[in-house]
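Only one chain is given next, in structure tokens, and it is the form predicted alone.
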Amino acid sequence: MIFTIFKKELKDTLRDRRTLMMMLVIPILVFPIIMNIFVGVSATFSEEAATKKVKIGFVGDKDNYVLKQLKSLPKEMGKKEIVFYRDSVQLKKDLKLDSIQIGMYSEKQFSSNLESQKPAKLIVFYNATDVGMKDRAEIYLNTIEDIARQERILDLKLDEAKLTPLVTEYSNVASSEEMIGKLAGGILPYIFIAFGFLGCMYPAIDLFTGEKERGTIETLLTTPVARWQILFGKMGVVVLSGLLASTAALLGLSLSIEVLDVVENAELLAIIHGILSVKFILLLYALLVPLTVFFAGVMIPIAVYAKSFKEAQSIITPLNIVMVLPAMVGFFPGIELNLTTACIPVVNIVLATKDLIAGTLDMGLLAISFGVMFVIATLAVFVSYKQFDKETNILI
């Protein structure tokens, strides 16, 4: 009987264009569109910052060493034009107005300090809102500093090897999967939670509040079916809708990676393919099912209580922020899945998913996370049943 109700409600849900848009179309399309725009805009800005002609404001002598080296730098390092200033006050004003993009100020003793083998101070001004200009300045001055260092070593007739007391080599012991999981793994659970919640929302409102508005709930309750069976049949559709929305979001993300060539590195692409194994997907859905049931169990009492579709929507929509907020924990470094965090609902799903991507998931902590979410989901279902069982909530 539960399955019969489930099929009937699922057919009605699939006829609703608004629900289909939120459940399938938007999650699939949103990531390819966002990724395409983001990658295109980023590439444009990076290319423009690297190739655009840069005006460099300079305060100091015209025979300054840095100035000479700037003029002799190869054209491959970008076009540049030198603008001279008497003081740094006007230079900083023009920098804010974007009349110049980089400012340099050399102290009065700059040339004399350089000639006497002392450190010569140079102040570089830049506008942090002008993307890429600080990087351009660092490239120029690092190159000039290397040239000056080599010249000084030759003048002093020194052995460069004797000036290097330590040779330090850094070796990363973390695997590529761990790096992806720890650095970028927060995005995946965030996607599932956000779209899973939205995928549950419209079917939950329509199957409960919507039926009350249409006056069909009374007819359904007159059938010889237990009320808990009706609830479970309807809740099954809500849970399935949430899982489909999460799956569609993951599919959209996969399309962004595969079709739009967002990941150009072949080695990184191979690692991503390796992560998306059958075991990974099964464990991921083992975490998602109780989470989605919990979402449904939270929404259904509200949908049952609300008198109209608009009222239910106005209450559930702000709840989305409360549910999605814990998902942001995945973006914070240093927060790991342990005995404490495994007992915190939603947070445990986020951190478990990160460890799952990294391949460092502890099965004991996974069992605790699943158990906590299962208990929370069961309580949410019980609350839904108690609310659905009240005649005052069902009948308007």
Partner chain sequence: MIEITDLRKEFVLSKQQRKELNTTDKIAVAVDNVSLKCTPGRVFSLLGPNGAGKTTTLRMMSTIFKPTSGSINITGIDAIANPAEARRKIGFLTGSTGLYARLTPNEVIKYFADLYGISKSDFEERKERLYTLLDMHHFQGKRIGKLSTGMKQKVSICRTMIHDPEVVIFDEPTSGLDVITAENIIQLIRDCKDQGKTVIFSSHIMSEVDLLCDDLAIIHNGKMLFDGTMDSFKSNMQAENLTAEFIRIIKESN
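Please read these numbers as outputs of a predicted model, since none were measured by experiment. Residue numbers count along the first chain shown, from 1.
Although not depicted, the form predicted together with the partner chain is the subject of the following passage.
Enquirer: Can you pick out, from A194, L221, L122, I82, the residue that has a heavy atom within 4.5 Å of the partner chain in the predicted complex?
Expert: Result of the distance check: L221.
Enquirer: Since the chain is shown here on its own, which stretch among 204-212, 289-297, 246-254, 71-79 would lie within 4.5 Å of the partner chain in the predicted complex, judged by heavy atoms?
Expert: This holds for exactly one stretch, 204-212.
Enquirer: Just to confirm, K11 within 4.5 Å of the partner chain in the predicted complex by heavy atoms?
Expert: Yes, K11 sits close enough to the partner chain in the predicted complex that at least one of its heavy atoms falls within 4.5 Å.
Enquirer: Determine whether any heavy atom of K92 comes within 4.5 Å of a heavy atom of the partner chain in the predicted complex, and answer yes or no.
Expert: No, K92 sits far enough from the partner chain in the predicted complex that none of its heavy atoms falls within 4.5 Å.
Enquirer: Any of the heavy atoms of K386 lying within 4.5 Å of the partner chain in the predicted complex?
Expert: Heavy-atom contact with the partner chain at 4.5 Å: absent for K386.
Enquirer: Please run the contact check for T317 against the partner chain in the predicted complex: heavy atoms, 4.5 angstroms, yes or no?
Expert: Contact with the partner chain, no.
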